[in-house]
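Structure 1 and structure 2, given next as structure tokens, are two forms of the same protein chain, each shown alone.
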Structure 1
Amino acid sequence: MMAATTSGVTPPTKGEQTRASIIDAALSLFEESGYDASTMRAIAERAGVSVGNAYYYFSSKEELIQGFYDRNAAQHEARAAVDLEGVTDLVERARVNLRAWLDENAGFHEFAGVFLRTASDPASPMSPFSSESAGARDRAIGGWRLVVEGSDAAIPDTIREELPELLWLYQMGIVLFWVHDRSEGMAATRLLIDRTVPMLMRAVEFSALPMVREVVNDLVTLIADLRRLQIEPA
């Protein structure tokens, strides 16, 4: 077992470094040449590894992108965990989680459109809703669960269990806006987050009211039905 450094952080293994190099090489090539024109051979050459070595870690470009998704989700989770320390207000915790995502992905904005074009195909394994993306998706939803559970908000039981997934879906809308955002420093996306998070959380609070409860129950039932149909297609 590899020993931790004096800082308490275990350094990456040679295999992890190689995986990271291949992912970084792929991202730079996607930006320069486009996704379709970037071959595994070109990616391997850019990463300084053999083609066989590249295929050892990633059997295809799609699997390589999944590797990026997984790495990105883990890095966002780590950044958010630090930024969320001591924050108990649910609105602010949601903002912090989304800002952490923006900061973690700041360097990937220029070629986000490449991912969007491919991921928007429902049949693509790179879709955020695909079975191949389940690991990164579940990790992101788990992050939202920590946001909710670490808050001091009185969240109605009718929506508490489904709220993390609803917040992840809201995040997908933010990501789509971010892809098209050309404002300096992603100012428009940050404004969208700051203005919409409080509105969303007020809706969560209203879900406890008798006049809203039936609508909430219908929404929760719909989510459960959709999830079941995705897992058990006809």
Structure 2
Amino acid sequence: MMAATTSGVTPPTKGEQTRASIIDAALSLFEESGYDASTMRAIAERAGVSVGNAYYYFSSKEELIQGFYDRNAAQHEARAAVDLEGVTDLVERARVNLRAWLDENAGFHEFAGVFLRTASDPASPMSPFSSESAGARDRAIGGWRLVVEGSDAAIPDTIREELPELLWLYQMGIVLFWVHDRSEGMAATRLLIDRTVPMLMRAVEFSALPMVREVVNDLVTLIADLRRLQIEPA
């Protein structure tokens, strides 16, 4: 709202500092003891503020999860950009992107259950399909667009445009599986990724088949029709 006081970087106001310290306290406690065991009182104490003050910045405990969400999305983006350098095969690029996500979130596996619990409530702004999540969703889909565009693969026109969003949806499925994965070192999720990515790409090739293409077209019009129904009543 006001001009910057010193350098070009945003000057951290007192409020922003307090806000950051609350998020830091929350995330470190979540990682140490899990979501449920981390009380708002403990979070506030570690952040060096009162409970009431914490609620001035975050209107609920669940809202603190958004901090986790944002931070990890940014870290994943950076890591994927590095790992993708020099890789041109589409299947490999997709694997790299998913593995980067997996590694970036390794420490939050237990915590993710709570996250999913919140995210799957359609009324919650944390839902990946909600309008509040539109920014994060678009960023993630944009990441997939880079994966596709940086590859040397020939993609059928039938689904060229929709592929990044489709891959994001596929990723949501992988995440859902990951949350339930109890295997050592997430071996099951890694196997799932390694095996399904090639299948998915073969399915993309199928989409050029006339028979399949018909179904794809049906799906596209269906989605358009559904969007209309969902939006009209508001």
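Fair warning: this is a prediction, and the values are worked out from it, not measured in the lab. The term rigid core refers to the maximal set of C-alpha atoms that superpose within 1.5 Å between the two forms. Numbering for residues begins at 1 and runs along the sequence of structure 1.
The form predicted together with the DNA is structure 2, not structure 1. The rigid-core alignment places the CA of residue 37 2 Å or more apart between structures 1 and 2. The Cα shift for residue 68 between structures 1 and 2, taken after rigid core superposition, is 2 angstroms or larger.
Between the two rigid parts, the smaller one rotates 32° against the larger between structures 1 and 2, as C-alpha superposition shows.
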